[in-house]
Structure formats: structure tokens, C-alpha cells
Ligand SMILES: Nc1nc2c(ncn2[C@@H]2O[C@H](COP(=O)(O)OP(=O)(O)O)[C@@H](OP(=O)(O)OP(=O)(O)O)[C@H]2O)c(=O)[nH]1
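Just one chain follows, in the form predicted on its own, and it is written as C-alpha cells.
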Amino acid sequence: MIDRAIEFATKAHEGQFRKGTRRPYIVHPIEVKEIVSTMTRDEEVISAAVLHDTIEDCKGVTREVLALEFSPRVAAMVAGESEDKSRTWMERKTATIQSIGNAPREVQMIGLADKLSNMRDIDRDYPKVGEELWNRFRMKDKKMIGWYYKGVRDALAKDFQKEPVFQEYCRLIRKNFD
């Protein structure tokens, strides 16, 4: 199932790049899969990690499509990690912070892995491009971006504080936003 998810996500994200770079987008879902794999061996959760951005970012991919291609459980996890792009940045990020703390553990793992992958990108690129980095994002205010990552951290702290990937996430937040 994981190999099928990688193949599906690769096709779905074809032609997409990480914000402000020429890095193929698929490197992000693959990294999210690798991070989730440190927390679970559940193939459906790992597959959902690879597919986590397909509903919100890829044409023609819906919860129903993922349920048919993979399983209703995989589809539910991807839907649980997806944002409604019709809402403003602030509305979407506030909703994520409010919901992730009470989400099923599988969705929390995928969310944490997604945010850690993003923080790794920020940590890698910030020293190279400096303050210009923030212009890559819809929200260009570093303080607001930090508010979001700290909000996710705080929502997940109780359940994930002992996880090495959570500790790395916290370390990268301190390094780049404090």
C-alpha cells in the first residue's frame, strides 16, 4: 500500500514545487512519510502521510477517490489533515491549532510530521536567504508564521513530548522563531 501511495502522490503532485524553490513537491510527502514511520509501522497511517496534501493541493483528488484507491481509513486521515483553501490563512491556521489537539492520534502524527518537515525546510533555507524567506509564504509575517508553528506545538505537547520528532520540532521552533 505504501508503494502505491508514493506512486499516486508522485503523479498527483507532478509539476508542483516547494514554495519559492525548484525542489519537486514530492520530496515533502516522502519526508512526512519517513517522519511518521519513526512513530508507527501502520501501513495505512504511513500511506496517509504520503497522501496528506493530495486532497487540498491536487486536482481531482477527493476523499472518495482515496477511499476507493486505498481505504476509507486512509481517506479519513488525509481529510483530517486537509485545510479548506477557500478560507483565509488565519482562519485555516486557527482551525488547525484548535482541532489538532483533539484529532485522532494518527492525524496528529501526520500533522506533526508535516509541520516538522516544513520546519526543516525553514531551518535549511533561512540561513541562506535570510528574511527574504518569509516572502515565499502566503503569510509573509515571520511572527505570525511562528505563532502558527508554536500553536501546533502547544496543542501536541501533552501527547507527543516524549517523541524524538516532537523534540526536534520544538528545537527548530526555538532556533528559528525565538
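No experiment lies behind these values; they were computed from the predicted model shown. Each residue number is its position in the shown sequence, starting from 1.
Note that the form predicted together with the ligand isn't included here; everything after this is about it.
Trainee: Even though the partner isn't displayed, in the predicted bound form is R105 close enough to the ligand, meaning a heavy atom within 4.5 Å?
Mentor: R105: no, not in contact with the ligand in the predicted bound form.
Trainee: So, I122 and the ligand: in the predicted bound form, are they within 4.5 Å at any heavy atom pair?
Mentor: I122: yes, in contact with the ligand in the predicted bound form.
Trainee: In the predicted bound form, does E43 come within 4.5 Å of the ligand, counting heavy atoms only?
Mentor: Answer no; every heavy atom of E43 is more than 4.5 Å from the ligand in the predicted bound form.
Trainee: Would you classify K142 as touching the ligand in the predicted bound form, given a 4.5 Å non-hydrogen atom cut-off?
Mentor: Residue-level check for K142: no, no contact with the ligand.
Trainee: What are the residues of 30-60, in order along the chain, with a heavy atom within 4.5 Å of the ligand in the predicted bound form?
Mentor: If the 4.5 Å heavy-atom criterion is applied to the ligand in the predicted bound form, 30-60 yields D53, E56.
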